[in-house]
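One chain is shown next in C-alpha cells, namely the form predicted alone.
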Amino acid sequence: MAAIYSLYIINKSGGLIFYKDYGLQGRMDTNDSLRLASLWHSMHAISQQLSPIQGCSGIELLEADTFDLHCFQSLTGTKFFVVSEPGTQNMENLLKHIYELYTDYVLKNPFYEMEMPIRCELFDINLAQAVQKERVSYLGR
C-alpha cells in the first residue's frame, strides 16, 4: 500500500488549483475533491483565528483512524496538503520539496497565470519523481 493517497494545492482564495490521486482504494470524483479542498481551506482559516497562540499558522496535521492529513502553507497563502496512511513520517519535508517544485516549475513558467489551475508538464514529471522517491523510502523502512 502506498504511503501517500493524494496531494492537493489550494490557492489563497480557497480554490483547488491542483489535485493528484496516488491511492489504491478508489479515486474521488471531481466534486468530492473540490469539497475537500474548500472544507480544508475553511478549517485552516478558522483554526488560525481561534488559536490561543499568537501568530498561529493553522492546522499542520490532522490525524484520523484511516488517514493523516499534512499541510504546509506558503507565505503567499497557497496551501499544499497530502493525505497519507496513518503514521506516515517525513511528510513535512515532502511538502516543502513540493513547494520548491511549485516555485521552480510553475511560478517561473511565463505562461502560468496566478491562482489558476496548474498545467505544467515539468512540474508533473518532477512531482512524480519526488512521490516515487518518498514511496521507495517508505517501503524501505
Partner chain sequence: MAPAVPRSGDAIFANVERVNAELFTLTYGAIVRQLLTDLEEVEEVNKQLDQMGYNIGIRLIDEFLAKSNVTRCVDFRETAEVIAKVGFKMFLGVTASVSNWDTEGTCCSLILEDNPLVDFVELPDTCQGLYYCNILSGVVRGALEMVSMKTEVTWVRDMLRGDDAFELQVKLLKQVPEEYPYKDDE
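Just so it is clear, the model here is predicted, and its values are computed rather than measured. Residue numbers count along the first chain shown, from 1.
Separately, the form predicted in complex with the partner chain exists; it is not shown, and the next lines address it.
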(request) Answer with one of T76, Q89, T30, S51: the residue that has a non-hydrogen atom within 4.5 Å of the partner chain in the predicted complex. (result) T76
(request) Using a 4.5 Å heavy atom cut-off, state whether T103 contacts the partner chain in the predicted complex. (result) yes
(message) Quick check on F67: any heavy atom within 4.5 Å of the partner chain in the predicted complex?
(response) no
(message) Taking the partner chain as it sits in the predicted complex, is K12 in contact with it (heavy atom to heavy atom, 4.5 Å or less)?
(response) yes
(request) Evaluate A45 for contact with the partner chain in the predicted complex, applying a 4.5 angstroms cut-off between non-hydrogen atoms, and reply yes or no. (result) yes
(request) Scan 98-123 and note down the residues that get a heavy atom within 4.5 Å of the partner chain in the predicted complex; none is a fine answer too. (result) Y99, E100, Y102, T103, D104, V106, L107, K108, N109, P110, Y112, E113, M114
